[in-house]
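Only one chain is given next, in structure tokens, and it is the form predicted on its own.
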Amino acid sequence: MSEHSAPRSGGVRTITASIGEALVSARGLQKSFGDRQVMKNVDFDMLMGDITVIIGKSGSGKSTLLRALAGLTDPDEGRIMFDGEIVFENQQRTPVWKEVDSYVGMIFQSYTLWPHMDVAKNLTLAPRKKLGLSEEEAMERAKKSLAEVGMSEHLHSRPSQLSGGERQRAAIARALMMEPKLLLCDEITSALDPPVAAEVLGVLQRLKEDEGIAVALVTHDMAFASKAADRLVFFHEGEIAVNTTPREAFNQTDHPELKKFVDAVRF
């Protein structure tokens, strides 16, 4: 595990799941926006130390699932468990969610870095406020997080001074500041050139291997899915139609919609 992992303060509980054990379990998730149902009885599990790649057409429900796991969207029905404890049930978050939500990091395609702050301030703001770190502790953690994503020289750079790939790696470093156990990534490489996207995805793979965190990644990068993912989940019309290993999904599937999707984005 990372050398900057440490016990939390402020009543945040310690995560007990080990590598290969379930960190997240979702059952019967449903979500509608108006008349459109975007999740239909979705069951989903993630294990510590696994990368799960989620694919599917736009509007199929994959991003809604990530937002539900991150606490940004509440399902209409269903249950979510985190580290064996119920964090969502009966259409509301339970008190346990407040104890574990800082272990969940989400990274978006648009980077969401504060443009008026340098990288250091972008990274240290949340852990100082939510974890009660001192300025010195937060800065030390920022240096280590940036080192993990190969960005040590950009501690005091402004987002406008960074390339797209650098901004995305800075966003990953910011998520790492909270020492997450679950990292949710929504189309984070779609605006990047293939070589830069490969570098960013490589960072996630190293984090999975070195930190043992669970990573869920919505992407169209089939090369990464085939090489680095432990599980591949295919969403179709609000349902998980396929949930298996990438090898089985790409080579042995009888699901015509998955085959059509993979053939469309593979090249």
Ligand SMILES: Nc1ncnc2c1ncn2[C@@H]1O[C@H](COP(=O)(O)OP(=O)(O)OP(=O)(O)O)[C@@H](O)[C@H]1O
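Start at 1 with the first residue shown and count on from there. As the structure is a prediction and not an experimental result, all values here were calculated from the model.
We do not show the form predicted together with the ligand, though everything after this point is about it.
The stretch in contact with the ligand in the predicted complex, judged by heavy atoms within 4.5 Å, is 30-38, chosen from 222-230, 194-202, 208-216, 30-38. Within this chain, Glu99 is remote from the site of the ligand in the predicted complex, having no heavy atom within 4.5 Å. Taking the partner from the other structure, the ligand in the predicted complex has a heavy atom within 4.5 Å of a heavy atom of Glu187. The closest heavy atom approach of Thr52 to the ligand in the predicted complex falls outside 4.5 Å.
In the predicted complex, the ligand lies within 4.5 angstroms of at least one heavy atom of each of the following residues of 48-72: Lys57, Ser58, Gly59, Ser60, Gly61, Lys62, Ser63, Thr64, in sequence order.
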